[in-house]
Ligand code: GSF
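Quick setup: one chain, the form predicted alone, written in structure tokens, and binding and motion questions come after.
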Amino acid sequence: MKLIGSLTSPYVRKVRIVMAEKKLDFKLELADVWGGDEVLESNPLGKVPCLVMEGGEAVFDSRVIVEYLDTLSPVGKLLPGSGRERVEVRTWEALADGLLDASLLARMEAHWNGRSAEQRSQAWIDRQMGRVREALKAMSRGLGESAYCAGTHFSLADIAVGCALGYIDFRFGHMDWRTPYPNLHRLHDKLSARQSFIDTAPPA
């Protein structure tokens, strides 16, 4: 399998962590989402991650990819088979990805070189960062004093949340989320010590 992506994308990182935890072999092909056509050749949406199968078929959107990957090996099952437990894990993933969506929109508005300073909207940035803060609040409330996001075992929920928190540190280093949410801080520290998280940390 070939994974098309970048080292800075939190969605690509989520897939890479799942592959590491599942002990799946793959080749990472780095792509320039903004300047190249290699992504469009496999994903008409022009987004990463994109997983290309041995037969050339492409699977895209990180949530679709990780669901598929979890079926490939019984090692380190990350998604419950069915029922409320599965819905709980997928809801955590949706919350984490929603935080990422908002933070990426805010960053693009502030830094995309396709716009001039006069064209940027601080109101839009503030709106998106407000959603980031609400997502953090919901994550902290949902985690409580539990060891992991969904019950007592490491799951896809923790991978998604860990990638979201890591992206905040990577792109919004000035934002202090640790002080108001010490339980998220503890979770993040625990996840950051896993080899899969160490090996996929974005470049400094």
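From 1 onward, residues are counted along the sequence shown. All values reported here derive from a predicted model rather than from experimental measurement.
This next part talks about the form predicted together with the ligand, which is not shown.
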ask   = Exactly one stretch in 157-165, 174-182, 59-67, 141-149 has heavy atoms within 4.5 Å of the ligand in the predicted complex; which is it?
value = 59-67
ask   = Which pick from 104, 125, 72, 87 sits with a heavy atom within 4.5 Å of the ligand in the predicted complex?
value = 104
query = Applying a 4.5 Å heavy atom distance criterion, does residue 47 contact the ligand in the predicted complex?
reply = yes
key: the ligand contact in the predicted complex: residue 33, any heavy atom under 4.5 Å   = yes
message = Since only the chain is shown here, I'm wondering whether residue 109 would be in contact with the ligand in the predicted complex (any heavy atom pair within 4.5 Å).
response = no
inquiry  = Since only the chain is shown here, I'm wondering whether residue 196 would be in contact with the ligand in the predicted complex (any heavy atom pair within 4.5 Å).
reply    = no
In the predicted complex, residues of 180-204 near the ligand [heavy atom within 4.5 Å] = none
